[in-house]
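Quick setup: one chain, the form predicted on its own, written in structure tokens, and binding and motion questions come after.
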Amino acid sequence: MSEILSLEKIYAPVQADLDIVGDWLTSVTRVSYVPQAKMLEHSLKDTGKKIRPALVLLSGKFYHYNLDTMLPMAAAVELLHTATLVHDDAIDDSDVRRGQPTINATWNTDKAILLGDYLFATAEEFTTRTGNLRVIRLCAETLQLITTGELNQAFNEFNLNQTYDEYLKRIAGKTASLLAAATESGAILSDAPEESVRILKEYGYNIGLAFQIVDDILDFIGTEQELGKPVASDLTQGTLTLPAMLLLQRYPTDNPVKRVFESPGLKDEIARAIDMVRNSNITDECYKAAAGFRAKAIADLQQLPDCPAREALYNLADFVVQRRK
């Protein structure tokens, strides 16, 4: 892999348009009901890395790039992502996201769920502005996949009997499906040939899997300042991620993960699990898995037209597996 570039440099081919997407997101907060406006401002004031809208725009750069359709679609995928985070925090009763109080911690869970619903609806409305029935349907199908992945996770809380394939299926729904939708929609809206649509969709899907695996690694080896939330929050909430799976395989009997799942809230055992993961080659194995999905993502990119957007996708794939937050 090449030296990791900053997102600012990676996004250079679409940065000006990505800034306009930011204006679209700001427009969502302009509602007449003041409490709702404040909640929307809070949820959208820091949209993180903006990977999903950037993927829409970069994927649209290979053929017929039309801002009239690209901008609403890019804004829509970011709203979908934000809505899932709002709902996730409410379901998990999380207090902090990106170093800031969550919607549910500030207003309460009921209001957070309603705000998430509003964001989902606004995302769908933005998608209709493309006038493209295929991407409108894709948006709805993606929401189904995300919800299925989240339900899968919810029904398997504190369940130790999960396989690697089941883990991949879960993260494919909750994370990879939206990144795949971002790249597929950008390709569709640019009138890309079907083979290019396939290549870009597969890129988004595999980058999504790599992204979530790295997220799961960082949940163990990152700091609270880097993560913007407590370390090992997944383990605390009973979500079995790849590092925890590998730790269970290494120590099937005397294992802190097993004890945490059997008796939630054991802080000493959570701390022990963190130490055991950090002081082993488990993270190396997890990074190897993420790198494998990165390789799948970029495998066919050379078949796309040679342009700055293609280089950006290569660099973004590197960023996803080498990032620290």
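Note that residue numbering begins at 1 and tracks the sequence as displayed. What you see is a predicted model, and the numbers here were worked out from it, not measured in a lab.
The same protein also has a form predicted in complex with another copy of the chain, omitted here; what follows describes it.
Interface residue remark: Ala105 is not counted as part of the site for another copy of the chain in the predicted bound form, having no heavy atom within 4.5 Å. Residue contact with another copy of the chain in the predicted bound form: Phe120 places a heavy atom within 4.5 Å of it. Although the partner is absent from this view, Gln144 contacts another copy of the chain in the predicted bound form, with a non-hydrogen atom inside 4.5 angstroms.
Shown alone here, Asn152 lies within 4.5 Å of another copy of the chain in the predicted bound form, counting heavy atoms only.
A heavy atom within 4.5 Å of another copy of the chain in the predicted bound form is found for one listed residue only; from Arg198, Arg98, Arg137, Arg250, this is Arg137. Residue Asp110 is the only one of Asp110, Asp254, Glu194, Asp165 with a heavy atom lying within 4.5 Å of another copy of the chain in the predicted bound form. Comparing 122 to 130, 201 to 209, 180 to 188, 221 to 229 against another copy of the chain in the predicted bound form, the single stretch with non-hydrogen atoms within 4.5 angstroms of it is 122 to 130.
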